[in-house]
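Below, in structure tokens: the form predicted alone, a single chain.
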């Protein structure tokens, strides 16, 4: 059995996903306790250029037309072969639609234990994982010999997983990937939204705590006062109160504003994944145990319906002065 830590690199249309860099940073902590190396596992077709800034000791690269875009079966078969041949200490996946799909199948196929929603690792190799929507944190030892882990953002910054120089690339041969049951037909771009929330330096985000559509006047007035933009978590968009172009999180936009004001948002992992790169997160939630406070720099349990009008008035007074 190897003591190396493998990281599956997620990429889409020539861009490496931020979660991949976060996992590389996590892998470095884990490798320091296992005594092994960090190996970035890159699957694709003529995709070697994506290895340019991966902070890994080596890049294991499989090249095949069947791996040009992600399809479950192609990734599953390729990774199963690699894991069986090299028996790494751990394999890290993003807690994403891709990672959860592949890790779950591999766990069943290879009879390997799986730790889900991991936030970080300790220097002695323990894991810290979220459960119950982030309200409970579980800590434990990683089972051996090989463990599969899905990672969520929050414990590491993406820049920690980036390097100035490219790592050495070691090619490996994938299994036969003929007659796959699912193939990608085409990639459909979402329709352009009314605003690009990923470019706004000040975001006022609303969640279930806004209660009803009429109350959106409050964050809209605050946004106008500070030249910010209103965005939302999944429940608000699902109600149709704001368009999908305003959605923040795993199924929406990842944002990096100077200030992210979260109003009535609980802080589920799917939402936190989209905001962990914010400079400052301010949380307003009447539930003192809401997971959003775990990632916020500042927070209050005041009712947003009482706080926001007063905050808007203070901003207007300050600008008027």
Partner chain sequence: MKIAVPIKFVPDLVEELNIDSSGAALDTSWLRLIINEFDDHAIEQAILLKERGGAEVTIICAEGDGVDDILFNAAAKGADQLVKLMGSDAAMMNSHATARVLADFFKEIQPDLILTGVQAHNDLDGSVGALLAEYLGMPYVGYVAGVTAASGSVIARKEYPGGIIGEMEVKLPAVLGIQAAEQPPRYVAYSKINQVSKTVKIEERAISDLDSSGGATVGRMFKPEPAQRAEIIEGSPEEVADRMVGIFKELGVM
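All values reported here derive from a predicted model rather than from experimental measurement. Numbering follows the first chain given and starts at 1.
Heads up, the form predicted in complex with the partner chain isn't pictured, but that's what we're talking about next.
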Option from 58-66, 45-53, 31-39, 276-284 whose residues, in the predicted complex, bring a heavy atom within 4.5 Å of the partner chain:
276-284
In the predicted complex, does each residue in the set 183, 234 and 259 place a non-hydrogen atom within 4.5 angstroms of the partner chain?
yes
Please determine whether residue 170 contacts the partner chain in the predicted complex, using a 4.5 Å cut-off between heavy atoms.
no
For residue 77, is any heavy atom within 4.5 Å of the partner chain in the predicted complex, or not?
no
Should residue 155 be counted as a contact of the partner chain in the predicted complex, where contact means heavy atoms within 4.5 Å?
no
Indicate whether residue 290 is a 4.5 Å heavy atom neighbour of the partner chain in the predicted complex.
yes
Check each of 175, 145, 104, 243 and return the one that places a heavy atom within 4.5 angstroms of the partner chain in the predicted complex.
104
Heavy atoms within 4.5 Å of the partner chain in the predicted complex is the criterion; list the residues of 288-302 that meet it.
288, 289, 290, 293, 294, 296, 297, 298, 299, 300, 302
